[in-house]
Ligand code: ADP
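Next up: just one chain, as structure tokens, the form predicted alone.
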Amino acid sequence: MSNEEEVQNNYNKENPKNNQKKGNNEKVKKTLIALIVILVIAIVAGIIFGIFKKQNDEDKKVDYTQLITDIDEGKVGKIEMTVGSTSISVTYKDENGNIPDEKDKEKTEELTKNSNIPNMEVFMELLQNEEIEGNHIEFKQNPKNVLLSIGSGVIAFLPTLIMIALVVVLFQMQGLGDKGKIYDPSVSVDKISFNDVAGLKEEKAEMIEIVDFLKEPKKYSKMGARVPKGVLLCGKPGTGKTLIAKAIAGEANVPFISMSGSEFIEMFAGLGASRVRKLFEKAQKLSPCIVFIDEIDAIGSRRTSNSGADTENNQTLNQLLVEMDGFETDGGVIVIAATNRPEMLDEALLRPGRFDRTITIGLPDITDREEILKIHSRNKKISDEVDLKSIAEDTAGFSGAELENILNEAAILAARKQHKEIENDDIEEAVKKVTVGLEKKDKVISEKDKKLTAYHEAGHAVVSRYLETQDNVKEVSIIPRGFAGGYTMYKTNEDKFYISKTEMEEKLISLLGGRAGEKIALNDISTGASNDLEVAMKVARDMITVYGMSEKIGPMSINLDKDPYQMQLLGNNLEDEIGKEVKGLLEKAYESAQDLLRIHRDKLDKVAGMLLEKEKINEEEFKAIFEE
């Protein structure tokens, strides 16, 4: 059982009425679902039966006018009908003019047909006249079938029953707004505090005021201060938005109600707004507490005037705005929301009085990464030889969740290899597995493809070696991993917050070094550089359109996603100019990569030769080639 489930159970034990209500709702919901399933099966079976019956009746049906003619000609031997029905069963005489014996079911069924009588009184008079004239016809009248009448009534009433069931289900679903998970630090065994959150020093300092208010609200109310009602946490996935929200609840020792933005959205109109009301009603009962809404952009995106699903989203957002605006200043309920797309949120949601503060949680730096690794290594058997600082240096740009995943993968690898402790090799392999993909040592590769891959990867590595702004090569391999036929890994020496124009230009040269290596050594090119070209294209385009690094285009940032008419404002010829600039950057980088490899052709051949021999070169072996 997870921590959230355990706390939810404890909460239900302390609130038996809530637990009983939830249990009753679940029973009613299951009963209604079973009823709907039975009704649907009955309807489908009835439709199928009706189709076959109708088809069979059509084949064995005789028109009323034809029936009268057949009676006059003496072809009909027996007529059978049910009281109150306008449909009769007609049995014709055989070729000898006799009525078939009832024991001969096959012949009786063959000579029996059905007919609808428009006026039963006129038809009965016709039969009496036939009897008077000597044309004897057996006539049998059956009593009314009660079970058949009840069945017909039930089938006729089925649509009404389904509508009633759907209405009941809809009303029952109104109560699903109280399904938010409750995390209560006061009863939780695994309490989370700021000590469990590595890094984020400035972000934690911002949150101390929130914690202090939840602990001592009177201190602020006496000073006339209004504590923020809502805090919006922005950042990439895995940076610790949910974790820091739980840590605030743990530090303040107050309940923490967690829901995802997608849980408010339903196909039934009005359910999203109802769930928002239910959520804040629960929060008021548990006050002081924290309400955490993850991925709030699911319900908080900009309102539109469209119909359909957008209307339901608008209603849900409007209800959220009303609930947050209606909070009492000393109510002790604080809303914390998380999103990785803050630009999608409605402006009314971000105004003061609702989400007063917006805190951006970025990727951890080298010091934070080391602290994160230390926290996630607490419950793992790690060798003393493992240097977490070195791992932190090699994982620039990784989020906290990705670092935790690396150590978890390393633990799995160590267990698979039957190591007593997690070793450096296990962690390095885990990093490669997460970043590049699973190694495929047993994949059969032709010698031609091996040579091409070797010169491709050697081109990347050798070109990067002679570019001052590029990182040092850590490992080069021609063993396939994931979708890549080979890879070149770089050792990151520092965290970079800004990238210069020179660095981006040399990045393009490095990316196109693989294609240049193929061209110089083999005088041919392959599809292996497709991903390199894709990345290079994006870098060159961003240099021109986002960062304004083109002297011809000028210092401007063009974002067509936000403003699709921006290009029209700047002139019709701008697209052509941008295309020429991007193409010029890529062509220049490709020529520079080829020039470097022509000058250092001996190093290119040595690296490629060693790759063909060993399949993998580490940092020391690569450096040794250039120190000769």
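Between two forms, the rigid core is the largest collection of C-alphas that superpose within 1.5 Å. Residue numbers here begin at 1 and follow the sequence given. Note that this is a predicted model, so its numbers are computed, not measured.
Keep in mind that the form predicted together with the ligand is not shown, yet the notes after this line are about it.
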- Just one of 459 to 467, 279 to 287, 94 to 102, 370 to 378 has heavy atoms within 4.5 Å of the ligand in the predicted bound form; which? 370 to 378
- Message: in the predicted bound form, does each of V197, L200 and E404 have a heavy atom within 4.5 Å of the ligand?
- Response: yes
- Task: Scan G240, P255, G485, G272 and let me know which has any heavy atom within 4.5 Å of the ligand in the predicted bound form.
- Result: G240
- Task: Heavy atom within 4.5 Å of the ligand in the predicted bound form: which of K215, K236, K538, R351 fits that? Just give me the one.
- Result: K236
- Query: Closest heavy atom of G250 to the ligand in the predicted bound form, within 4.5 Å or not?
  - Reply: no
- Message: Can you work out whether G230 and the ligand are in contact in the predicted bound form, taking contact to mean some heavy atom pair no more than 4.5 Å apart?
- Response: no
- Superposing on the rigid core, do we see a C-alpha displacement of 2 Å or more at A392 between this form and the one not shown? no
- Query: So, does D365 move by 2 Å or more at the CA between this form and the one not shown, with the core held fixed?
  - Reply: no
- Compare the position of the CA of A245 between this form and the one not shown after a rigid core fit and state whether the shift reaches 2 Å. yes
